[in-house]
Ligand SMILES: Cc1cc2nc3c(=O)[nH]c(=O)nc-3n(C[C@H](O)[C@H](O)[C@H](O)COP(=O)(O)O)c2cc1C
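Here you get one chain, nothing else, as structure tokens; it is the form predicted alone.
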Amino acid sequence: MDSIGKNIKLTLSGASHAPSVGCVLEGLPCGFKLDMDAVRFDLERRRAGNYALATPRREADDLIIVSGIKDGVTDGGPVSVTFPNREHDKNAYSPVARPSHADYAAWVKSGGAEDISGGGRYSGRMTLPLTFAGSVVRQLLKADGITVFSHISYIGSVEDAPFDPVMERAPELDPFFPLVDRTKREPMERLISETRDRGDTLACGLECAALGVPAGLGEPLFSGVESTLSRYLFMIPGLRGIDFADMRVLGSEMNDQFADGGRTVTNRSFGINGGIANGMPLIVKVRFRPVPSIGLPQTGYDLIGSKPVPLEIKGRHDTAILPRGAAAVEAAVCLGLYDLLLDHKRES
């Protein structure tokens, strides 16, 4: 399914080398004034054109509003947008499944019918409409006092300092390369450049936080904060791991002792107990696998001839999913939190 959501519904459409990608977002309130400049700013954060070490594919990411927004104001109907793919080139791809891509699995599932060029629906290109939807919802969350932000926790072997888990306000971060310790940018970029020159790619991780999340938001068991956010986050290609706690060996090290007002002295549970927000900063750590499109010789699988074949990938790819992926992670967290918030408001 290409749709998600209970109180709001997000449907994605298009593919990496289709004429366009887009989305339909249903369930937004009528009459909400959107800051479209802020939306475009989030799209710029995701766009490759703003980062010299990102993929050489240079899309303009032009936003075309089809319905649901008039003069920057939501009209109560489904918000439908599309983004033309001006740099799509199916001729660069042969019917050969690439190692650790979704090509083979998608080909088998569809009986060979699905267009898998450039990764098809499984491409990072699909995070563009996701980022749009999350940026819209980010503004609705902000109106309720909730802010969402993130930083790169590591790229390869280079690590950033972590967020203060009991922070009461967001730190100042460079939105295009967010780091708590800005001195880490130079060694990260040097590592990205050296790895790219070798034709290889890097694993990386991100720490995303939300402040202002009300205690009591979420449900136990199947509709908890963790399970809801995970459904949105695992849409992002390459995202392979999620942590919702600062895991310690002993319970005496892990437990968060209470202080005045229901706050806790530490926040090793990352703001969630029993699937429900506890009023502390909500933190989620995500891990990305190395981009599987590498420039080194590999063995692919000829989907027509049904046999392994030598393969050298010549496409346009990132060396690391971050920093561009930060905007998509924040978008996913915003969408999940807003869906939960609508339930919380009805219960309050």
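Numbering starts at 1 and follows the sequence shown. Note that the structure is predicted; figures quoted are calculated from it, not measured.
Beyond what is shown, the protein has a form predicted together with the ligand; the following relates to that form.
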| query | finding |
| --- | --- |
| Residues 27, 137 and 331 all lining the ligand in the predicted bound form, heavy atom within 4.5 Å | no |
| Touches the ligand in the predicted bound form: residue 231 (any heavy atom, 4.5 Å) | no |
| 4.5 Å heavy atom contact, residue 292 and the ligand in the predicted bound form | yes |
| Close approach of residue 218 to the ligand in the predicted bound form, 4.5 Å, heavy atom | no |
| Proximity of residue 317 to the ligand in the predicted bound form, heavy atoms at 4.5 Å | yes |
| Options 160-168, 234-242, 145-153, 107-115; stretch whose heavy atom lies within 4.5 Å of the ligand in the predicted bound form | 234-242 |
| Listed residue (102, 81, 96, 203) with a non-hydrogen atom within 4.5 angstroms of the ligand in the predicted bound form | 102 |
| The ligand in the predicted bound form - contacting residues of 105-137, heavy atom within 4.5 Å | 122, 123, 124, 127 |
